[in-house]
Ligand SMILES: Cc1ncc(COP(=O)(O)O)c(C=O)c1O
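Just one chain follows, in the form predicted alone, and it is written as structure tokens.
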């Protein structure tokens, strides 16, 4: 097995996606402004029948939303214990306090009973994360939010609806946050959006987008080079050459870090940027093929679910067959040991969502606002979670190879 099985080595970079990124790389006069940005904004607005604003990342989009909500500084915002550092960082940067609530092992989403116990007079917002594409119980969360007069934000970075479902996404939330990062449901390498039917907040977001800075040409160039760098490096990774190429690209600044050292220490800049038109073009290209992308994820998830049932692997009971999972999670006693053994087969399953309640594991947990022991179920999950790839470059033959090797290891 020469080409690796992976989560993070350009998961959306098929040959066709690579060609699209190289095309955008050549159209340097359209990198910042252009009709592609308007097209993406209008497409998302029509898709969700709401207003849309675009920013250069999901975390920037969330920051802009939070600081334009009609709530007092210092208010509390509830997020789940098993989450990414991007959420608490944006909450802190906006002047609010993140409160971590327990995760449900059956869904990897908020435990609704535990959540209600976290609500007090300072609580103003709940952020719901559809973890790995497992859709949360939005009807119950909407009822709970209404009961306590809270705003509900849906984090849809891991899943977007298509013609075959899931239908609950984007229906019950007051606001939707989308991310178009490298491994998200749809990828423009970077980018993010906020979608809402709240007219007053939408007007404020529009002004923020218009006033936001443009990313520099060099940053846009580095983002557009990402597919090419991984397309060259990935096939050679098993020969060490690929790893050396990626290290060299990182050292010379050709790659933009997914999470910076400062962000791992709990800091997010309050400066925001508009989403470059070149990256909007990549998302547009994927949207035209989005049903096929989601169906590909469903097919791989079905294969994993059948294998999990056959081999008695533990996996969240909330997974339903129709879900286009961003990755398929199973729970094993020592996930780190399993990943280490898989590396010997050129299988790299450390996706950052492991080893800590606030991911990745290199994050300073206390700087993120998380006190160890606050969410024991989430902490336990973080040591047991092993996710299996469903991204566009993962083949069904590779899924069967992975299952065969896993069956011998677990």
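Keep in mind that this is a model prediction, so the values were computed, not measured. Numbering follows the first chain given and starts at 1.
We do not show the form predicted together with the named molecule, though everything after this point is about it.
Peer 1: Would you point out which of 341 to 349, 27 to 35, 50 to 58, 364 to 372 contains residues with a non-hydrogen atom within 4.5 Å of the named molecule in the predicted bound form?
Peer 2: Every other range fails; the passing one is 50 to 58.
Peer 1: Considering only heavy atoms, tell me if residue 155 and the named molecule come within 4.5 Å of each other in the predicted bound form.
Peer 2: Yes, contact at 4.5 Å.
Peer 1: Is residue 191 close enough to touch the named molecule in the predicted bound form, meaning at least one heavy atom pair within 4.5 Å?
Peer 2: Judged by the heavy-atom cut-off of 4.5 Å, residue 191 is in contact with the named molecule in the predicted bound form.
Peer 1: Should residue 89 be classed as touching the named molecule in the predicted bound form when contacts are defined as heavy atoms within 4.5 Å?
Peer 2: No, residue 89 sits far enough from the named molecule in the predicted bound form that none of its heavy atoms falls within 4.5 Å.
Peer 1: With a cut-off of 4.5 Å between heavy atoms, is residue 172 one of the residues that contacts the named molecule in the predicted bound form?
Peer 2: Answer no; every heavy atom of residue 172 is more than 4.5 Å from the named molecule in the predicted bound form.
Peer 1: Here the chain is shown alone; which of 274, 222, 184, 264 has a heavy atom within 4.5 Å of the named molecule in the predicted bound form?
Peer 2: Filtering the options by heavy-atom distance leaves 184.
Peer 1: If the cut-off is 4.5 angstroms on heavy atoms, which of these, 335, 202, 300, 84, is the one near the named molecule in the predicted bound form?
Peer 2: Checked against the cut-off, the match is 84.
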